[in-house]
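Same protein, same chain, two forms; see structure 1 and structure 2 below, as structure tokens.
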Structure 1
Amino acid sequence: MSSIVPENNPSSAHKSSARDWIMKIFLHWGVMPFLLVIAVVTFSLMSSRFLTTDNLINLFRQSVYLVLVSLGQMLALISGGFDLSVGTIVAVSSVVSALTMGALALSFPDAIWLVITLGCLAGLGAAMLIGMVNGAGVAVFGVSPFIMTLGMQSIGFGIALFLTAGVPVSNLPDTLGDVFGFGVLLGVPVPILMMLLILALMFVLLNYSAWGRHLYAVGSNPKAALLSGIRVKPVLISAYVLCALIAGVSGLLLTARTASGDANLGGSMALESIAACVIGGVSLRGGIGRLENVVLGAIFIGLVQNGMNLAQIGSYLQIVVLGVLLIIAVVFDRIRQKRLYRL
């Protein structure tokens, strides 16, 4: 999708002042860059350990899970919907993969990689199933995405609890955690590599494939999309399935990291991922949203939490700060979208 320019292109041919530049950045990237700079400066002043390579890698690795889920959420939002069940998907994929690996490890104690692969596939399969149900409910039965995914969240959580009896599934192969949880390849943690891989795929999919463009069209105006020969229902369903798959990957990575399949994983993911998307300028009305900005948004949330933890800001205040930041980000985004789309 080509990027959009505002109506009164600043006639900056002759003199591109600093203000113009700021405006340009703001219109293209939103407030995120500014908030990031402010946050980084503030936290560096508050804690000398904030701006260390060590901590930054730490921060990125922590953010991987939210970034991934936010990417999935972004697909649902662009399509004009919501996915409140991402947290449940994380939990279900974690639980299913862990149970599968546990069972298989007994039968094939030597073929660790086979066990891991099959376990991951089972987890992803379960995630996909939830995504398909979500998508079918929204696209075929016309249930509002809010309710559909809220219902699925409840259903999935019940099932995950049932499967594990409430107790985390442990005794997973150590290799899983060693590689996908804490492994390092070429100096970069494996979870970050996985995230980069998925980011690259998603970037191509969204910007260089017909499917991506169709997704934007469906979210922007489903009727127009239909009249333009786009098969709206398959696009919608695949958006939810893809969202679920990405959330599932996040669930698998979390399983690897915590070395357990846990029905309580991902409890706050749904709202946090929506917050990350919205801070990143994704419209809740569909059709608008850029991958780069969402990644920034998710990392921003992680960064603020990390910074506040390092600066040893009390937990109560942290909760308040996050709420305030969310609102501020959206107020500015309103201003920006008014300029760009007159919405």
Structure 2
Amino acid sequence: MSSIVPENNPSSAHKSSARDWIMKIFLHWGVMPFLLVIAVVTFSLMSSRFLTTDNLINLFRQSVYLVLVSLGQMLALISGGFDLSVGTIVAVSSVVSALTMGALALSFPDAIWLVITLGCLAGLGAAMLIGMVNGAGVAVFGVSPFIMTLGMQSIGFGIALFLTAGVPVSNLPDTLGDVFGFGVLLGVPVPILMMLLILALMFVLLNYSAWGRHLYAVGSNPKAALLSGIRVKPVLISAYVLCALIAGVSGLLLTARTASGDANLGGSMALESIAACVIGGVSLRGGIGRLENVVLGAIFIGLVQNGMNLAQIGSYLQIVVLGVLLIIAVVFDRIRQKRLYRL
């Protein structure tokens, strides 16, 4: 009795080819492309306004602030830690810059740009100070990033509330909002130009500088990096300082957008930025992460929030959805890392 074995099965070949194609996308981009397709299809069915041009432009504008915070969070994650205080840094930079501008405007009413410049520098200085404390705690004293940044999150939020008594700081120069909140240069909104500038600087820093190579090395294996002659502590401290500085820029842009310094700004940005990074393929174990993926991950988070708003899903349920997305991203990141390790 002879058995018949088909030499070629077109159906099986097509299935194998499709599976290989999907696996290549997953290994390169992570779970984000698949979540993006699901989100677009779902929200398109739930709201006819979702895929309109006006809504998509509005989505990109609103995503700028989270993209910036996520880029800073990415540096902390690549270094092998994370920063839970980025939301507080946004609030502190907003409050400090607004208070400084308000005080200086009384003394120099005719020097608006001097007032704005010094106010922004004060906000960025406060942000960098928090970043230096975070970095020193992690790198010098060996405190876990979770405890260190969680503690600074509480301290910073308390200071912001103390400085403002919980009341938003208003009476800022109109020029601040006209230029950095709603200004347009060469047809492009100024906040988007700021984001592109920071993105370009980070691309050069991570891909064409010794500091970038050292950051990836420290995140992958700090002991091996130390034995290779890399100064681990300065690299870690600088990663947290840059993370805080970029979050501070986001806080200043939000201050210009809302025309007030608010201690409640950035309340959910820690969760959202970590979710954006993990969905964008940044490893929670450190040493792995790409800028373009993080930008897309942050836009994806903004897209999900935008779609849920259009579908009139409540804010409480939106927090639940973000938490679920973060867990899904972490689970698939572990699967992806195992697959990459086997290759």
Partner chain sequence: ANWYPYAAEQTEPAFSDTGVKKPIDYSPLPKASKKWKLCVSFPHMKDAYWLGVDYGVVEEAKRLGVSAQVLEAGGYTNLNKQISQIEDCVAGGGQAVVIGGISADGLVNLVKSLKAKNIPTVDVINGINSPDLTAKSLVSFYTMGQEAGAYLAKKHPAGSAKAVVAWFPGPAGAGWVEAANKGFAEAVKGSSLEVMAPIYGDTGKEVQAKLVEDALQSNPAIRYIAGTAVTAEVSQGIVRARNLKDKVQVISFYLTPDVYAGIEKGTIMASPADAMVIQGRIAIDQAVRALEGKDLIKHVGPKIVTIDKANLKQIRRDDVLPPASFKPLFEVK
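Definition used throughout: the rigid core is the maximal C-alpha set that superposes within 1.5 Å between two forms. Just so it is clear, the model here is predicted, and its values are computed rather than measured. For residue numbers, the reference is structure 1: its sequence is counted from 1.
- Only structure 2 matches the form predicted on its own.
- Residue displacement note: Gln318 has its CA displaced by at least 2 Å between the two structures (rigid core superposed).
- Here Leu66 does not count as shifted, since its C-alpha moves by less than 2 Å between the two structures after the core is aligned.
- Core-aligned Cα shift between the two structures at Ile57: this is 2.7 Å.
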